[in-house]
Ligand SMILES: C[S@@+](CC[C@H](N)C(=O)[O-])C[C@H]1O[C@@H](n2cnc3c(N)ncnc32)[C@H](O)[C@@H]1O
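A single chain, nothing else alongside it, follows as structure tokens in the form predicted on its own.
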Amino acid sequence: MTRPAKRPFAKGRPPARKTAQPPAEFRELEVSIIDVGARGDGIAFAEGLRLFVPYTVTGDRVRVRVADGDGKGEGVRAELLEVIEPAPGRRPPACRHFGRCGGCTLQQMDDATYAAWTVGMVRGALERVGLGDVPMEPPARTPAAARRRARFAALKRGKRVWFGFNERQSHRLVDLEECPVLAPRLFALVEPLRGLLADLLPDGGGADVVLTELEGGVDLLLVGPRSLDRAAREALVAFEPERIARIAWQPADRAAPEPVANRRPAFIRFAGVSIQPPPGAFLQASAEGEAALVAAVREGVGQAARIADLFAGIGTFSVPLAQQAAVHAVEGDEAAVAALGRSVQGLRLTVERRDLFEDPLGVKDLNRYDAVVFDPPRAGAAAQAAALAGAKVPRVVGVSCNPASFARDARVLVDGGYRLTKVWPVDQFLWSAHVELVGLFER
């Protein structure tokens, strides 16, 4: 018999918001987990209810607590109280914060069970749109301590700064003491950042901190506070000069980042080409995950001589593909386009700024290419997929961090005459419920 780790006593934790609602009444149930769903929660049925039980494994027999009166929607979230009979696929979690931190939800699975779940999530999403029989490669796995980019939250209460990730489905912070997912160079900055933010933040003030591991040093983007006085700027300029290459400040998410300290070039290499990303720019979460995605995309485009790379970012796929073909990269973010444009010298690579959600490439433009790669944000590329479905491009390669939106777009392409011929799952967000994939469509 095993029990989940107890939550620490509330003393010393950021206060929760008070509500005027009367306390809920609960009942306890014993249930068996029959599956683990797309969000990483175990699924069980009891008393006519569909229960979602976090931190469980298929085959677990568990005791849970459910609030009376719940039962609407797709199901009820239950609180795990005890694992009565553990399934064979269960293992001890790798991190002391597991069960509170919202970053990881699947550390309770052993490697074989976790790998099978990853493939199952991709397969299940495709089955729901009638494409479940596609050939699938084994999942590419990202090791621990490989996460090179992360966004942290910070909150000051009194003289203490809470620094870490939110609890699952909560705005309450987990104060980070360890993280087996993060690259060591990033985690080593957690304590120094607490000290820095203790001086920068007012009591009750918060900020987000984006850290990215680059060649030349770490890139730091501070999102909030709303303003920085002279003393705050001087503290940032003096912060960790040996480890941090560049510091920028952003008063709010949609504001333009303002450079604070540029100590030395901070860059990333794609196929040997150095690119200096804008502060806080999107990068693949790990070098290993990036390599797996690039390898799949390269295999997918085959010997295509003319390639369009849509939602190209700063060139994760454009630059490697430009070693073998003429590539046209299309991206909507101005800073990303500028960063990629500065690095195209000597490459068969052109760059276009275009909002592909509002103004997707049309059939006439698409038909100029032998292959098209598209790597949209999590919501997918509905408009661009519709245009692709009407085109005659021989090979289309879709990259996605969301199997559900990929499956939706894949159905559109297949209905337009394409065949989904292969899928590569990529586990880049270790122990989380996020699965990436690459799919090849051919006419």
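All residue numbers refer to positions in the sequence shown, first residue = 1. Note that this is a predicted model, so its numbers are computed, not measured.
Beyond the structure shown, there is the form predicted together with this ligand, which is absent from this document and is the topic of what follows.
Asks: Which one, Gln284, Thr118, Gln107, Thr212, lies within 4.5 Å of this ligand in the model of the complex by heavy atoms?
Replies: If I apply the 4.5 Å criterion carefully, the residue I get is Gln284.
Asks: Looking at Asp375, Asp41, Asp409, Asp60, which has any heavy atom no more than 4.5 Å from this ligand in the model of the complex?
Replies: Comparing distances to this ligand in the model of the complex, the residue within 4.5 Å is Asp375.
Asks: Would you mind picking out the stretch of 249 to 257, 306 to 314, 150 to 158, 120 to 128 that comes within 4.5 angstroms of this ligand in the model of the complex, counting non-hydrogen atoms?
Replies: Going by heavy atoms within 4.5 Å, the stretch is 306 to 314.
Asks: Do Asp219 and this ligand share at least one heavy atom pair within 4.5 Å in the model of the complex?
Replies: Result no; Asp219 lies far from this ligand in the model of the complex.
Asks: Using the partner position in the model of the complex, report whether Glu288 sits within 4.5 Å of this ligand, counting heavy atoms only.
Replies: Answer no; every heavy atom of Glu288 is more than 4.5 Å from this ligand in the model of the complex.
Asks: Using heavy atoms and a 4.5 Å limit, would one call Asp355 a contact residue for this ligand in the model of the complex?
Replies: Residue-level check for Asp355: yes, a contact with this ligand.
Asks: So in the model of the complex, is this ligand close enough to Asp333 to count as touching (4.5 Å, heavy atoms)?
Replies: Yes.
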